[in-house]
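In structure tokens, one chain follows: the form predicted on its own.
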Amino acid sequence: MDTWVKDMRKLNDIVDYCQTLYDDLNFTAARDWKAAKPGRHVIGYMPTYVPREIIHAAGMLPLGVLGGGDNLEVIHGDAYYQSYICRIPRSTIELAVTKRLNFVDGMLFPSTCDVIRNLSGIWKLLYPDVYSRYFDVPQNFTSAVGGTYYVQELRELAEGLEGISGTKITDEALNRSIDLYNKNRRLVNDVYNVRQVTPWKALSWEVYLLMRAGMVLPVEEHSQLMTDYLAAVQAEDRPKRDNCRVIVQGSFCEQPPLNLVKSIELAGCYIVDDDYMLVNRWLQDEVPTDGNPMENLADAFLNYSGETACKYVPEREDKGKFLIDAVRERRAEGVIFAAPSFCDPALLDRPMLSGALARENIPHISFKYAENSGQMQPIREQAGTFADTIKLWGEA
């Protein structure tokens, strides 16, 4: 697979490959990676953020598990959860019970919300012999308190992974992994920047599939794939449409159906920024590759991680500044709040962010979805009306 990915140059080939990875609920790419050499291990993780560098430094493959999407019928998963929560925990349990995740050697559940916390407990009950960890992050952002706590969390995570792999995670190995992920984040930002400048070339649904590929491929292959995409899309001649420029906010955990991303674009909106695949862009700057890598990762989280509803931010008057800055930097004309139904972090954050946008006279709308939403016409009509409103009265 490595050679095939490296040799790809045509845009259609790249997008088709990413689509294949997206559609594959058996995680064949990850299974093949594990089977290629004896002693390999795969560690699954839920959205939105885990330090994949540590998994990689242990010689393991980090595997993003983002629910079952709209191609998975949930039957067993409904028995474990009430109906008035988001769908991603039910479809994740469905993936596990139907043995689609039976090759995974461990699971990490980041501190996104109470639902994911509870999912980590159910996972332990279902699979007591499989390593699992609820990965908590600091709520205090001072180095002496939150930094000290987070370094200890990272060390405990490393010890748990070492127990699976039998490989000691050295500072040298971790710094090499940090360097690879720094390069990956640079390429992710390059893709986003190209989409911002020429969104008619780098289509949002293609970029989404490209970012999803990073959840199942080794970081080295994903970086090569993005390099190929950037070269291919620059050579592509596509028509520029009279679309408005929007930011999509609130989809950091349970992912939207691919048709939702396509529908927003078809409705006349270029998505110039989003919080899909947040793990790819969580750290906003490069992590140093010298010194103590655990402390460097902790410092990166405390001082230059992205602002999102699932990360505690102390109360302050400039709530929403991160989003407003993104609107200015990406030259967006409006914001679409698109959050999964029953997503407490996103839906509780939305009124505060809406208020911040209103004070800046930035147009915005909102709707909800589920990962298996099938009817896109209402969303397309709402997004289309929003786009028309901006074009007709945006300068008024």
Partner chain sequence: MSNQTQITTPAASQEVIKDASMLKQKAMIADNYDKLTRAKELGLKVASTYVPGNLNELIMCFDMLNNLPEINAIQNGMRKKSGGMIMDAEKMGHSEDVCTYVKADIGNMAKGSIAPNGKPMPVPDLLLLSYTGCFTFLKWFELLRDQYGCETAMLHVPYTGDGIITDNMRDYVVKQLKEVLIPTLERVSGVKFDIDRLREYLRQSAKAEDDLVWVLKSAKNTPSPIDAYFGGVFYIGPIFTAFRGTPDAVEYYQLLRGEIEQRIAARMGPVTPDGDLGEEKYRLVVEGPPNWTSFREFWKMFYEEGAVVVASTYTKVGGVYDYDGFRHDPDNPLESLAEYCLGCYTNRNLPTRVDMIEQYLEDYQADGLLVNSIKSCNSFSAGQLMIMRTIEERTGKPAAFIETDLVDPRYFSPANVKNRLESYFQMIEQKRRAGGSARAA
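Positions refer to the first chain, counted from 1. Source: prediction; values computed, not measured.
In what follows, reference is made to the form predicted together with the partner chain, a form of this protein that is not presented.
Engineer: Look at the candidate spot formed by Ala79, Lys124 and Asp349 and say whether the partner chain comes within 4.5 Å of a heavy atom in all three of them in the model of the complex.
Structural biologist: Every residue of the candidate spot has a heavy atom within 4.5 Å of the partner chain in the model of the complex.
Engineer: Name the stretch, out of 173-181, 289-297, 205-213, 116-124, where some heavy atom lies within 4.5 Å of the partner chain in the model of the complex.
Structural biologist: Residues of 116-124 come within 4.5 Å of the partner.
Engineer: Here the chain is shown alone; which of Tyr192, Tyr134, Phe322, Phe103 has a heavy atom within 4.5 Å of the partner chain in the model of the complex?
Structural biologist: The residue in contact is Tyr134.
Engineer: Among Gly68, Pro47, Pro345, Gly334, which has at least one heavy atom within 4.5 Å of the partner chain in the model of the complex?
Structural biologist: In short, Pro345.
Engineer: Just checking whether Lys368 would be counted as a contact of the partner chain in the model of the complex - the rule being heavy atoms within 4.5 angstroms.
Structural biologist: Lys368 belongs to the contact set for the partner chain.
Engineer: May I ask you to state whether Val197 is within 4.5 Å of the partner chain in the model of the complex, using heavy atom distances?
Structural biologist: It does not: once the partner chain is placed as it appears in the model of the complex, Val197 has no heavy atom within 4.5 Å of it.
Engineer: Though only this chain appears here, would Asp285 touch the partner chain in the model of the complex if you measure heavy atom gaps against 4.5 Å?
Structural biologist: Flag for Asp285 set to no.
Engineer: Should Gln152 be counted as a contact of the partner chain in the model of the complex, where contact means heavy atoms within 4.5 Å?
Structural biologist: So Gln152 counts as contacting the partner chain.
Engineer: Taking only heavy atoms into account, state which residues of 144-180 are within 4.5 Å of the partner chain in the model of the complex, ordered by sequence.
Structural biologist: Counting only heavy atoms within 4.5 Å of the partner chain in the model of the complex, the contacting residues of 144-180 are Ala144, Val145, Gly146, Thr148, Tyr149, Gln152, Glu153, Glu156.
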